[in-house]
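Okay, here we've got a single chain as structure tokens, the form predicted alone, with questions on binding and movement later.
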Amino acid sequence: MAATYSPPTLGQSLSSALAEARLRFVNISRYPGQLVLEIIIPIVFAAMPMLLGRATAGAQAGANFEANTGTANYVAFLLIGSNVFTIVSNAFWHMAYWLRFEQETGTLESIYLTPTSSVTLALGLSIYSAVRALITASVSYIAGCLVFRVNPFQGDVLLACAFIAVGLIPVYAVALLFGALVLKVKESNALIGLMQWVVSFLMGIFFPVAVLPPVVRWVALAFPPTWMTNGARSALLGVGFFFDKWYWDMGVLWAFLLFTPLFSFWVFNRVENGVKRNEGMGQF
């Protein structure tokens, strides 16, 4: 009698995803220096425009910044932008390099021969990446605020955390779309380099997106991290939500949360099936 194939249950898929996440946590525990760098880099990244503003505007730096952004606390404004950018950038980096590594080492084909789908493993990778990014970004933001002598806990901290938490799911869904592109073109380094510039520009990590040209602004508003960044800033600093009230902006993020994963899974599966059928395996 021929053996029958039974797809993995939800519990089995979740176990596989958690096993992938655990593997990543064990690996990063051996390289704590990477985590230290992820804490320091956003502070340095934000410090460059911060110190430039102080050097050129002096005591008027806060007043000038408030006239254009709605808050005089440019330290927290820039630190929020740089740390949310780090979270988003890590999502793209981890997804792209995981897929590219599996391609180059020839283990992607082995994954396709197992009952566990690559999307399940991508979920485990996303859990690991999100936890890692949230920890390092939180420590970096608090440390940066303390270094530059501002209060990191002003405003509605819980609401800011809610914007970040809700935004993580569409961010990793977009990262999966990016992973589909990596599968297709078999390249990660050049794509990530380009992605970082585009993402940092659209998110407005150092400026409000309202200053962008109208067409570019609409493109930025179609990008979930833009709503994460502005939501966190508005909750903590009162710079103003896009739709005036926090719950309308949160509703947009929830719309991204519901739509983006479904669309990303569909695109990724189509690309993956195309790679299997039309392009052959072992050609990465």
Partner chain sequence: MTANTTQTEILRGPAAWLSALAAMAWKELTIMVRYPVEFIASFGQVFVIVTVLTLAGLMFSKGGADNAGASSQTAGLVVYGFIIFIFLSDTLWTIGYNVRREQKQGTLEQLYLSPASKFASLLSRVAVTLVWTGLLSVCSAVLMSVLIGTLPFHNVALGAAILALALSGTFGVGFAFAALTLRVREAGQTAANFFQFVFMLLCAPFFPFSGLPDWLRVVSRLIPLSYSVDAFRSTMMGYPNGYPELAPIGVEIGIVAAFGVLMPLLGYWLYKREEDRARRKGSISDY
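Residue numbers count along the first chain shown, from 1. None of the values given here were measured: they were computed from a predicted structure.
Beyond what is shown, the protein has a form predicted together with the partner chain; the following relates to that form.
Proximity to the partner chain in the predicted complex, defined as a heavy atom within 4.5 Å, singles out one entry of V215, L52, A222, L258, which is L52. In summary, among the residues F206, Y128, W98, F178, the only one with a non-hydrogen atom within 4.5 Å of the partner chain in the predicted complex is F206.
Residue contact with the partner chain in the predicted complex: L146 places no heavy atom within 4.5 Å of it. Taking non-hydrogen atoms only, T105 approaches the partner chain to within 4.5 angstroms in the predicted complex. When contacts are judged by a 4.5 Å heavy atom cut-off, A165 does not count as touching the partner chain in the predicted complex. By the criterion of a heavy atom within 4.5 Å, L191 is counted among the residues contacting the partner chain in the predicted complex.
Not one of V26, V150 and V174 is positioned with any heavy atom within 4.5 Å of the partner chain in the predicted complex. Here the chain stands by itself, but in the predicted complex one stretch of 150 to 158, 137 to 145, 67 to 75, 110 to 118, 67 to 75, has heavy atoms within 4.5 Å of the partner chain. For the partner-free chain shown, Y31, G33, Q34, L37 of 24 to 39 come within 4.5 angstroms of the partner chain in the predicted complex, judged by any non-hydrogen atom.
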